[in-house]
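Listed next as structure tokens is one chain, alone, in the form predicted on its own.
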Amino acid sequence: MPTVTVNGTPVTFGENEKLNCVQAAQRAGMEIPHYCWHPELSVVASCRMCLVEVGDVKPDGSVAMQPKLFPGCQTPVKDGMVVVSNSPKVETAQKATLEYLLLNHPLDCPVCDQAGECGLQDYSYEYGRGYSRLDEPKNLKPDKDYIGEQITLFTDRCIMCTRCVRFTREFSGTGELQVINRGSKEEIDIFPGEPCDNKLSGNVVDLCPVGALCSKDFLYQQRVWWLKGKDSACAGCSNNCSIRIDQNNDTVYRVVPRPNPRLQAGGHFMCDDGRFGWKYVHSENRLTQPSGPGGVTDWTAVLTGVRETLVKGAAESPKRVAAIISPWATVEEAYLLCSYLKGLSPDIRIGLGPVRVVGEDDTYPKDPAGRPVEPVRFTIRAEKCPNRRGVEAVLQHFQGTILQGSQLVKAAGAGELDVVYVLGGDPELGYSDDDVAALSRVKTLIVEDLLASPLTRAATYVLAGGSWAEKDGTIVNHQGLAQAIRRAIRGPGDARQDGRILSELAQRRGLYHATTVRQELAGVVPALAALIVGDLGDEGIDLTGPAAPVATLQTAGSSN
């Protein structure tokens, strides 16, 4: 295999694999500092932070080094190549580059949102000088809070890496950002009257290596060193973008994407709907305690009442007992409820809850007229539920078919059901007023959900469940990639994660442990057999079993 030597360490790569010096160093576990380069963007080699020495091994074994330094991001590696990123010549260039970048950079780290995770801070410490030779006043430029609805620009912090400009041209295709002026007066700005408000705009904040572009939603909210991150997956649509939830004191402050090569665009980006659409987690309308007949709010008493109702209904007339599982439920939750109810009686019917769909798939990049452009680099899915495929796989196994929840709603309205268990999770409910009226006709309506709603107000028993940020489990995206969601915060009041509620309802021994349940269901449900590994890692697992059936998608807010 072709081999390149990076700082004395051999690195092999494939015959048809294309790597630059920065990537080759990363493969060797080394870092070549860089600002303008990003694996998903075009190469401009403008920051000059990644300058390295390169050479070739001669037939006699000697090494001939080039006299000049080369930008590592723009220099592809080849067999027999030698790359040096830690020589005195390179270190001198790094110090000079950082000195230039810091000439007019303001010393406002104490108030900058990026402090603590700033590339300029980190590289200045690792590769820069400990002093400045500038005697002239700094060239200060005005801030621009009109850049976009979600982003603001602190112009004097910008190092002109142009990542943001390239993103809006190459990924969103909307091209709102540009470089104006030249020389010491160059700045990032928008085209007049065209703010950066596309649905991927929040990604420019992640791309900015310094504190120039900041999120208005997160601005001055928390110091990053107080935040505790938890890797998870977004529940905003069927993409299930890999994310990190940053929280402090059980309050989520931001959600940011994390790299995942199994996802579209390498998982480096996410849409603004997912980035900012998690606020319902802290809604004042959250259910904070269970409730039952007579005003009972004790978990033990409520779960006992629910269990007795289900056991009695299954013994007397199981065909008049049904459950509806939302595609917002995890695979583990669907399995726990299905296995429990089918264990009471195989005649109990279980259906798939409303699959909320909004518009059509929204693809990027776009042309100036807003038309999609090929090749597609990012898609915001119209299907807004995160786990339809996972829930369908469980239902297919236990039910033998995918029974639509709308059929059970109609049966309830026709007086054919006595007990209905609704496992929710959709922050926008998904049940119409007619659906609620139909479900209200049953003798006992059990609702496990996040938010108070007309459905919970009509319920006999209400079980306060957890949001995706408050529980452990597995969700399967549109392409069949199973990822783990991990509990980042505790729920409000006495709310519990749904897996625990269902585990205690079924009187399973021990505490709820998602990994254990995941391995158990993998041995039962053939379509999910790949989950037997238990730990899904950071990238998730492509399911190798039969593909889950495709549900008929309904319009937003309709019952399925």
Partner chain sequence: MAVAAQDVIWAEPPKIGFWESTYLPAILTGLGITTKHVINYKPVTLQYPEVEPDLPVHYKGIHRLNRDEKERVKCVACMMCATACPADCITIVAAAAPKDDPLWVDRDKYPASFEIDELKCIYCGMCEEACPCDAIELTHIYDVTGTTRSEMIYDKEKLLAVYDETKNHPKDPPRTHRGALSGTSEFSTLPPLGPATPVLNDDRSAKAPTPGVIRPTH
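Positions refer to the first chain, counted from 1. What you see is a predicted model, and the numbers here were worked out from it, not measured in a lab.
Keep in mind that the form predicted together with the partner chain is missing from the display, and what follows is about it.
(Q) The chain here is shown without the partner chain. Which stretch in 339-347, 458-466, 125-133, 289-297 comes within 4.5 angstroms of it in the predicted complex, by heavy atom distance? (A) Stretch 125-133 is the one.
(Q) Under a 4.5 Å heavy atom criterion, is D143 part of the interface with the partner chain in the predicted complex? (A) Residue-level check for D143: yes, a contact with the partner chain.
Q | in the predicted complex, W225 touching the partner chain (heavy atom, 4.5 Å) | A | Because a heavy atom of W225 falls inside 4.5 Å of the partner chain in the predicted complex, the answer is yes.
Q. Any of the heavy atoms of N181 lying within 4.5 Å of the partner chain in the predicted complex?
A. The answer is no: N181 has no heavy atom within 4.5 Å of the partner chain.
Q: Using the partner position in the predicted complex, report whether F378 sits within 4.5 Å of the partner chain, counting heavy atoms only.
A: Output for F378 is no: heavy atoms all beyond 4.5 Å of the partner chain.
Q: Could you tell me which one of Y280, Y220, Y100, F191 places a heavy atom within 4.5 Å of the partner chain in the predicted complex?
A: So the residue touching the partner chain in the predicted complex, by this definition, is Y220.
Q. What is the one choice in T92, T401, N285, N139 with a heavy atom within 4.5 Å of the partner chain in the predicted complex?
A. Spelling it out, the residue with a heavy atom inside the cut-off is T92.
Q: Let me know which residues along 403-430 have a heavy atom within 4.5 Å of the partner chain in the predicted complex, or say none if there are none.
A: Nothing in the stretch sits within 4.5 Å of the partner.
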